[in-house]
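Next up: just one chain, as structure tokens, the form predicted alone.
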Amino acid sequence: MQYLRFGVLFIALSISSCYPSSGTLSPKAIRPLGERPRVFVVNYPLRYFAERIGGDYIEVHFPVPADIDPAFWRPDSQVIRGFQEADLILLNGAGYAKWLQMVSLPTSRMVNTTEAVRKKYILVKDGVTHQHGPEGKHTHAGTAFTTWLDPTIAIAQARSVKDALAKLSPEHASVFEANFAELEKDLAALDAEFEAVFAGVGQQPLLASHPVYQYLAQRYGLNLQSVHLGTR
């Protein structure tokens, strides 16, 4: 049952799917008494981490439609305005969310949650051009961006979220620290579970249906090859 619980967490984090480093956060304005900070995120894993750590003390916004890949989504002007007015913007880093290169956001409120683990980035040399949603054709060449599929990187990203929230609302820092400790425990347990499972696999060839599992393969030493079924 415990394995099933962590397996569900892993699947949930799997399906979601050059930014400023975290620094001194500059709140956009003095919020009215009782109003929660508004945190905008670019993918589901960051939403999950922010909600687990921030709890009822923050308001999390993940505005990507359910039928669109967040990594290649293109927000409209209204959504971009929401990001611009946010108290905190959580980014995945590793080249995730291509639209960020084409808009102007307040850098003082942007946090790249993978800044501390840049050395673990994986370079994808070749990528098949394909389409699996209304966001249009794209390729996964460049830096692999599904970083959170390595639970140790996911922990680092969650820690970055915790630190950013503590800077944003220092009066709740102890709560964020406690919530992060519980999340870290869950992710570490998930890592241990998958280590045990994949230990018996060895170098047996494995196939993946989409080219996004590079960090999973790297973490557990898997001989994993992607067989892409999308449109060329």
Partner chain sequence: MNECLYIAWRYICFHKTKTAILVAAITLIIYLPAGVDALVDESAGQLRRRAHSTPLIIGAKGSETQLVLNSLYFESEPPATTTFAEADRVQRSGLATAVPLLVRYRAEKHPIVGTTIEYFDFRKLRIRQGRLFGMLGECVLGYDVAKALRLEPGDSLLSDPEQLFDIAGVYPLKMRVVGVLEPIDSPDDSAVFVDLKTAWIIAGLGHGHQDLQEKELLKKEGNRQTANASVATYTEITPENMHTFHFHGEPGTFPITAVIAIPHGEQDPEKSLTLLLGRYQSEKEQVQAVVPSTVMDGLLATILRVRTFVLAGALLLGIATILLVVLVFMLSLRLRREEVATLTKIGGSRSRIIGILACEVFLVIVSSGAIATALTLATAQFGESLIRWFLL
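It should be emphasised that the depicted structure is a prediction, and the values quoted were computed from it without experimental measurement. Residue numbers count along the first chain shown, from 1.
One more form of this protein should be noted, the form predicted together with the partner chain, which is absent from this view; the next part is about it.
- Remark: R109 counts among the residues lining the partner chain in the model of the complex, judged by a heavy atom distance of 4.5 Å or less.
- Within 4.5 Å of some heavy atom of the partner chain in the model of the complex lies at least one heavy atom of K125.
- Shown alone here, R159 lies farther than 4.5 Å from the partner chain in the model of the complex, counting heavy atoms only.
- Within this chain, S77 lines the site of the partner chain in the model of the complex, having a heavy atom no more than 4.5 Å away.
- Scanning L91, A94, I155, L100 against the partner chain in the model of the complex with a 4.5 Å heavy atom cut-off leaves one residue, L100.
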